[in-house]
Structure formats: C-alpha cells, structure tokens
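Quick setup: one chain, the form predicted alone, written in structure tokens, and binding and motion questions come after.
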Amino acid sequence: MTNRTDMTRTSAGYFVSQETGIATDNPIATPQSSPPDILRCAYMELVVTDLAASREFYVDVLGLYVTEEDENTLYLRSTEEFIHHNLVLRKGEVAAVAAFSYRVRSPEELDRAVAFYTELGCDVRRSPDGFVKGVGDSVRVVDPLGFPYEFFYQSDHVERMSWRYDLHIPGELVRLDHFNQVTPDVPRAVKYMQDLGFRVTEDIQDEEGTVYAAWMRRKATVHDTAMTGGDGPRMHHVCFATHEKHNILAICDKLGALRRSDSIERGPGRHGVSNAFYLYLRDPDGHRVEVYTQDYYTGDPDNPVITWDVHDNQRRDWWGNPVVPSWYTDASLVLDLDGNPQPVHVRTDDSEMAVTIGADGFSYTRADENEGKLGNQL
C-alpha cells in the first residue's frame, strides 16, 4: 500500500512529500564505487533506416542545426547548444537507440563510471577518441536495466545559435531537455537511478502502491530522464524544449501546411506531471519526439516530490484529454554495444493504459466512474 499519511494533498489535486515512497523488492545491488557526477542529458544516438527522410524531418521541418554530416551520419544541435551535437542520426538496418548520452562534470568521472558499472557486472567499454565525432574520451555501458548509456566530458565546441535570429523559425527548438525510457519494473529502475545520483521529482502511483512512472533529474528541472512502466527496455521519447507555447503551435501549423499532420501523435496540450506544455511527434522511423516548454525549477535540496494518483485524469493531460493508446504501447528498440537489439521483457505489474483507458480505446476512467470523457460519445 502507498502510505499517503506522509503526503500532503494540494489544492491542485496531487500529493507532495519529502521522500518518494517508492521501494523495490528486487533491487539492483548498490556498488561500493562512487557513481560518475552527471551534469545533464547531452545527446541521443538514433539509428534510422532512411537518413534523407530523417534529415528532412529533423532539419527542414523541426529546424535543428547541422553541425556535421556524411553519407551515413548526421550530427544535429539545438539553438542554445555549444557542444558538438544533441542528436546523432546514423543510418542502419533496424530503427533503434544506440546511446542515451550524459555529460559528466570532469574527465575523472569517466574512471568512476568504469568502476561503478564494472562492479555491477555490466558490459563496459571505453574509447579515448570517442564513439562518435565531436566527442572525446567516452564510456559506454549496457546498464543493469538493459539500456545503452554513455558518459563523456570532452566535446568540440561549436557556435551557439541563440543570437542568429535571422535563422530562427517560429518553432525553434532551443535545447535537449530529457529522455524517457520504458522499463518493466519502475521501482527497481528508480532505486538504481538513485544510486547513480538521480533524484525523483514526480511519480504516478495508485493506492495499492503500484508505481506506473517516475521522473528523475540531475539538472535543476523536472527531469533528465523518466522511467515509464511497460515492456522494455525501450525508448519512449527524446525531448527538445522550446521557449514558449506559441513555438509548439507553430510546429503544428507547419506540419499541417506541409500535409504532414500524421506526424502528430498527441497534443498539443499541457501535462499535469511536470506542468509543461507538450507535443508528441513520430519521425519517419516511428521514433517519438516530444517538444516541451514551461516546466519548473527543482534545484533546492528540499524540493518536494509530487505524487499523482493513476486515476487522476489530469496527470497526463491537465485539460483531461484522453491519451491515445499508441502513446502507451509504442516505443523504440534499444541496442547493445555491438549493435544488436536488446530483448524486450514484459511488464507484469498493472498497466497504466489498462487501468485508465476504457473499452472504447480512447476514454479514461476515474476511480469512482465507469465511463470517461468520450465514453458517452463513442
């Protein structure tokens, strides 16, 4: 059971506490070695099957800047970035994620990453020259959850494009904000990420104690990554931030004008979790990309943890709009360090979709109601 006696219900309907209240009965052992000091999520390496189609989507439509490219690889960055890239698109046979990459505080943190993951018995590889262009000495691992993680410090510096207003578009993507990962056992993942130095900012639970998702940070925002309960390991989405809501609306208008509205999977809308304005897109390979703005500061040491009830229909969309089923079911494969797709393991805990979406496939259910917002219409 979730102990809500230690939580305070707010006027907005969610609960706050000083601790997550998330515990696991299947923990990953805590290493004796110190974890690397992670600064932020830095870039994602995606494998795409049609590089030209992906270039059109990410550069021509979304407006990311090209740092470097060749016939097989495209290095992209957002407006405010000064390191070499935030996104690597690499041509391959199977669409998947090759790396969730984090920047660390100093070169010495790479030694700590090697020791930390070696103690965990993970596949650990180090490349003094980096695994991709523009990034130096790097460590890549397959972590205990099956995800390919990278840690690096050195990166080539490139021009920050914030002052190039002559190049900006209405839907300008200004920085990489976060990753979102799908894993079967969220409490197990949370405990491991806490050992890695992450802090929980928000979560979704029910009164029985089932944890459906958790948001975790290193930088002082709502998250650098989130763990979403589902069949995994898979990548749910990669997210770029904009400055204002109108940037997201401009992206929707542009996609409509280009007759590419089928790229829009969900939104625009406002999340309850994170309080951010959002839009979810699917790229030509089906990789999910979120565009996001206006979350909140979390850097104080006593920043309260927010817990949402899974039956609060405003947790995923503050306006109460239902979540399309594909948002719960679809996600990208992830690769091991040899480029092979990782096996996907089935979640055995309750599914958020199953407990909140009605039989019509679109409506949600509340704990005290049998029909959802669209249930009387469909």
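Throughout, we count residues from 1 along the sequence that is shown. Please read these numbers as outputs of a predicted model, since none were measured by experiment.
Separately, the form predicted together with a further copy of the same chain exists; it is not shown, and the next lines address it.
(message) If contact means a heavy atom within 4.5 Å, which one of 84-92, 151-159, 284-292, 233-241 is the stretch that engages a further copy of the same chain in the predicted complex?
(response) Going through the listed ranges, the match is 151-159.
(message) Can you work out whether residue 58 and a further copy of the same chain are in contact in the predicted complex, taking contact to mean some heavy atom pair no more than 4.5 Å apart?
(response) Flag for residue 58 set to no.
(request) With heavy atoms only and a cut-off of 4.5 Å, decide whether residue 134 touches a further copy of the same chain in the predicted complex. (result) Result no; residue 134 lies far from a further copy of the same chain in the predicted complex.
(message) Considering non-hydrogen atoms and a 4.5 Å limit, does a further copy of the same chain approach residue 277 in the predicted complex?
(response) It does: once a further copy of the same chain is placed as it appears in the predicted complex, residue 277 has a heavy atom within 4.5 Å of it.
(request) Answer yes if any heavy atom of residue 267 is within 4.5 Å of a heavy atom of a further copy of the same chain in the predicted complex; otherwise answer no. (result) Residue 267: yes, in contact with a further copy of the same chain in the predicted complex.
(message) If the cut-off is 4.5 angstroms on heavy atoms, which of these, 351, 326, 30, 49, is the one near a further copy of the same chain in the predicted complex?
(response) Going through each option in turn, the one that passes is 326.
(message) Quick check on this chain: which one of 118, 127, 73, 303 has a heavy atom within 4.5 Å of a further copy of the same chain in the predicted complex?
(response) Contact residue from the list: 303.
(message) Can you list, in sequence order, the residues from 39-76 that come within 4.5 Å of a further copy of the same chain in the predicted complex, counting heavy atoms only?
(response) Result: 39, 40.
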